[in-house]
Each structure stands twice: as structure tokens, then as C-alpha cells.
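Next up is one chain by itself, shown in C-alpha cells, the form predicted on its own.
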Amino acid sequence: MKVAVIGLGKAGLPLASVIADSGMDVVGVDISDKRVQNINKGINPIPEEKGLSELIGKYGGSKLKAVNDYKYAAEECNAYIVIVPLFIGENKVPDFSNLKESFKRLAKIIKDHYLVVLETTVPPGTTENLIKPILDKSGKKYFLAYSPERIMTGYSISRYKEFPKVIGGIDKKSGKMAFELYSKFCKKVNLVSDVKTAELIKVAEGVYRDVNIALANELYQVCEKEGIDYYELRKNANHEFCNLHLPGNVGGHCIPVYPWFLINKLDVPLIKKAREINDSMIEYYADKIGIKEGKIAVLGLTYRDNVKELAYTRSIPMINLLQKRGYDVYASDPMYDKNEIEKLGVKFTDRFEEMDGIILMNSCEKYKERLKLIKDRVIDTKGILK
């Protein structure tokens, strides 16, 4: 079986590389000509992804051939894995345009008895109610399954190789075929009863994290009011039956997004309240600034340390909030240079000692020793200066 991976982004490219590393031939389909060219030259377009450069250098252009032509994939492959991004807008409603377009193009080239697997994290019911009707228009007899990506950017290679994969088929035959495919390149594969179960499993993981971070944020605020060190409390409270999370901001493609898949269609007050609590933390930290005006630096712009990505980061809303309150706002991040930061509409600074206040949004280990010298001016959302 030869596999096509449609979407060579931060999830799809590591997946295609892991499949190639298992000994299988892979065709990767992506709309970016530059990305396709680089991959075929053995150049990794996601250098911050651990282990990926080695695999791209080894297989790019050979066992992993990148193309931007769906027809080429149709001629070469009999299994398709689709992993294109699904975003939510300001109204918190998913934008399915990328998925729809990918499957419409796939429906034009699919052949009888081909296997199609969706990996993009989606609201429960999407595979059956949105994807299947699009593929049905092909008139072909195909097999359809869902297997959510369960990666963590920066550690995707190890996650695909070591973390259990969940698979659900639109029917038993589809589930069995997908199980057999993934078993060739994943260490552990769990076949569940159907696609909707597999879809909700992934969403539930994100919701679990979001709700527990909200609990940590609320307990963190309780500790501050009671004069207690939350980090000491957490260290001594955690055991086999208690897992208090770290408090802080919640950003990225996953945790702040997936709860909306349920909030939008169901009565889930706990999940909704957790979203409100986590989103409100920027106001909580901003309220801790002890002055009404002056120079304030926001340090750490990415949604997570060591990942050059601004997707749903809370740092940009924090900057906007501070500017709205009248502060003279500056920013810095170890992964962004001066020009990149200024393009975001905020002034750059690396002169932290000249700031009247600093909000540390990420760990920013590079800045740690300098910040210790002025920690009385630092609002440490990560607890790293203790």
C-alpha cells in the first residue's frame, strides 16, 4: 500500500516522514510550491520540529515525494490521509473551508476500494455528516476512517512513533483497514467502535486540559489572596489521585479551540466556564501592574515556548489590552527579531531594565537571569523566577 498525506504542515509533514521511516513510500500533497520544492531537496521547512530535519534529509524526494498535484497522488497511491488545518473565527465557529476543498478535490480522483483517513481534529459528527457526503459524490466504493492527530508541536515525531493512535471507521471494514495501515508505522493502535467516538476522544482530551488549567488558575488566585505559594501547594498536593495543573494562559491550535466544538451545540456549562476563566487571565495579570501609566514589556509572544507560532496566543490580546489601558507597550521574544516584532504593531525592546513593568507570558529561559535582577517589576505568569 502506498500512502498519500494531504497537507504537509506542522502535523502532516512529521506524519509523512514517520510513514517513510517505516519503509513505506509516501506522496505528500501541499498547496505551497516552495514547501514542495524544499522537501524534495531534503530541506526541512519546520526546523524547530525535533528529529524532522534528519528524516526530511534522508527521505525527501525519494521515499517521501512532495507534490502539489492531487492527480499524481491518485495514480501512485491507494490510501489517503488528510490533515489540513481547521480554524475557528472570532465568533468561535469552525471554518471548514480547507477541509471541504481538500475532500472535493479528493472526490474527483478517488478510485474504488481506496482508503481515506481524516486526521484533522474536528467536532464530533464531522466525518459522517460533512466528509462522507462529499466523497459519496464521487460515485466510488471507498473506505473511510478517522484517526485524530495527537501530537505536540516540537515533539511530533516521537508522538507519532510512541503515543497510542485512536482509529474509528465509518464501518467495520473501514476501521479494520485503517487499523492495519497505521499498525505499520505506529507503535500502538487502538480501534474504537466508530468515527464519532474517535472524534470525541480527541476533543475530550483538549477539554480535560482546558478545564483543569481553569481549576489551576482559580486556585492560583485563591492562593494569592490567602498569601500561599501555589507552586508549593501544587508540589505537595499532587499524587496518584490528584493532578493539579500549572496555572497560566492557554493558547495554541488545540486547547482553546476544541471546547468550542461542544459549547457551540450543547449545554456544557463547566466547559464554557473554564474557557471564560482561562481567557480572562490576561485581565488578571494586567490588573497586577502597580502603576497606571508607563513602559510595560510583554515577554514571550508565541503560544508556547520554543514554538515559533502565534496561533491563538494570549500575548497579542495582552498587548492590545495594555495599549487600550494607555500603557506604552513593548515586546520581546527569543524566537522573533526586532523587525518581526514591529510588524506585529508593537515596539521592540531588549532593554528590560528600562521598563516600568514586565509581564512574562512564557518561560523565556534566555531572559531568566536578567529578569531575576529586576523581579520586583516582573509579573511572572510562569513561576520561573522563584
Ligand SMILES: NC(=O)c1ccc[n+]([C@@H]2O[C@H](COP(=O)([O-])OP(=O)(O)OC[C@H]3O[C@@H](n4cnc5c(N)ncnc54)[C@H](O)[C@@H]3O)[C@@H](O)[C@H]2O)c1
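From 1 onward, residues are counted along the sequence shown. This is a predicted model, so every value here is computed, not measured.
Below, we turn to the form predicted in complex with this ligand, even though it does not appear here.
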Quiz item: Tell me, which of T126, T313, N217, T153 has a heavy atom within 4.5 angstroms of this ligand in the predicted complex?
Solution: T153
Self-check item: Answer option from E224, E180, E101, E205, heavy atom within 4.5 Å of this ligand in the predicted complex
Solution: E101
Exercise. Please run the contact check for K65 against this ligand in the predicted complex: heavy atoms, 4.5 angstroms, yes or no?
Key: no
Quiz item: Quick one: does K165 come within 4.5 Å of this ligand in the predicted complex, counting heavy atoms only?
Solution: no
Quiz item: So in the predicted complex, does any heavy atom of I43 sit within 4.5 Å of this ligand?
Solution: no
Exercise. Although this ligand is absent from this view, report whether M335 comes within 4.5 Å of it in the predicted complex, heavy atoms only.
Key: no
Quiz item: Which one of these stretches, 281 to 289, 165 to 173, 226 to 234, 254 to 262, sits within 4.5 Å of this ligand in the predicted complex when only heavy atoms are counted?
Solution: 254 to 262
Quiz item: Thinking of I6, D30 and T120 as one candidate spot, does this ligand come within 4.5 Å of a heavy atom in every one of them in the predicted complex?
Solution: yes
Quiz prompt | Stretch 318 to 338 - residues with a heavy atom within 4.5 Å of this ligand in the predicted complex | solution = none
